[in-house]
Each structure stands twice: as C-alpha cells, then as structure tokens.
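Only one chain comes next, encoded as structure tokens, the form predicted alone.
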C-alpha cells in the first residue's frame, strides 16, 4: 500500500481516539497556542462563509462559527470523523469526501464563494498542488486560504520526505501509525507557487521560546 492511501486508512481507524483527544484537550501544542492561532487568523478576515478541508470532528468550524457567526462547510475523508462533526453541530454541513474527489470536482455538494478556506494540520500528503488549486477555485475574489502545519524548523535543516507519526505521546491507546510528508519552508513556497498561490503573510506561533507551528495566509496570484 502506498503512503498516500495509508494516510486515509489510518485516519479511519484513529477517528474515535482523535475525537476524544481533541475534545478532552489532550494535545499540548493545541493548548499552548495552535488552536488560538488558526482561530484568530480566520476571525480577523470576518468571513461570511468558511470551508474547512480536513475538518476532522469539526472543532474548528464550531469555534469559528461561535466567534464570527459565519456559515460553514467541512469536508473530511473519514466518515467516522464527519459523523462526529455532524452529531456535534447539526446546523452546519459536514461531508465525507476524500482529497482526490475534491480536487477532481470541488463543486460537488460544496458550493462556492468562500471567504476563507482552512487547512488546519490537514496537508500531510505529497502531491497537494491540485488540491490547493481546487480550493482556490471556491474562493470569493477577496478570499484567502489559511494553512497551519507543523513548523519545519531552521531553513535547510532537514530534507523533504515521508515521516511516520506513531502517536506514542498517547501511551496505552490503540493508534494506527500515520505516514505524513515533511516539507521544508522553501518547499512550501514552491508548492504554493505551483498551485497558483501567493503568500500574503507567514506567522510562526510560539510558546516558551519554541515554534509551535507554521501558519501561512495565501491567495490566488493576480493575473
């Protein structure tokens, strides 16, 4: 099985554990500031419509709607996660859709005219340019894509490539290991440009002297 397919299957298996970890506040980096970082970045733009790609159990939509009152749509490839999101928030729309299907036809069941499209720790496969291009086609003219991901560390310190998350921090839980694709900062710049996106702003949320994440706000390159 290739790494791309294993990502989706592992999330299917981990759905219950992940939902508990998020809702019980068990992830230290989220408590330290990554949740607030993405919330603030989205709320600053005052969206009327939000699309959360890789929405998981839906926490981000619930939080953004609570802060801004916007309408929202979430998509995720794991049906168990989408179902958990729908159960917690019947007022908004949560669809089960894998990334390949979205990239092939982003209009199916989703609509358009989104002011913000969020990818919060949800871009962990290698070939993401088609997905980002599809997302950009759903934006309003002034809309933005906001990405939060693992901080890549000092420039040039590592090489791009597949890594494995084994969730060992959750001792005693039955987690399936998940492969994920690491990108250096310069590689993020390249893949965004390949997707037709300009970087409008880059943020590096930090706590206790260490970088928590990389947050990128981008928009389609002006013709």
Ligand SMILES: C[S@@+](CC[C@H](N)C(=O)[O-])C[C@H]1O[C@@H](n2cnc3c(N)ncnc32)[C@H](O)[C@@H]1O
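Positions refer to the first chain, counted from 1. Quantities reported herein were computed from a predicted structural model and do not represent experimental measurements.
Omitted here: the form predicted in complex with the named molecule. The next part is about that form.
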Practice task
Could you tell me if all three of 22, 59 and 97 have a heavy atom no more than 4.5 Å from the named molecule in the model of the complex?
Solution key: yes
Exercise for the section: Could you tell me which of 62-70, 48-56, 193-201, 180-188 sits within 4.5 Å of the named molecule in the model of the complex, going by non-hydrogen atoms? Expected result: 48-56
Problem - Any non-hydrogen atom of residue 81 within 4.5 angstroms of the named molecule in the model of the complex - result: yes
Practice task
Although the named molecule is absent from this view, report whether residue 120 comes within 4.5 Å of it in the model of the complex, heavy atoms only.
Solution key: yes
Problem - residue 114 within 4.5 Å of the named molecule in the model of the complex, heavy atoms - result: no
Practice task
May I ask you to state whether residue 106 is within 4.5 Å of the named molecule in the model of the complex, using heavy atom distances?
Solution key: no
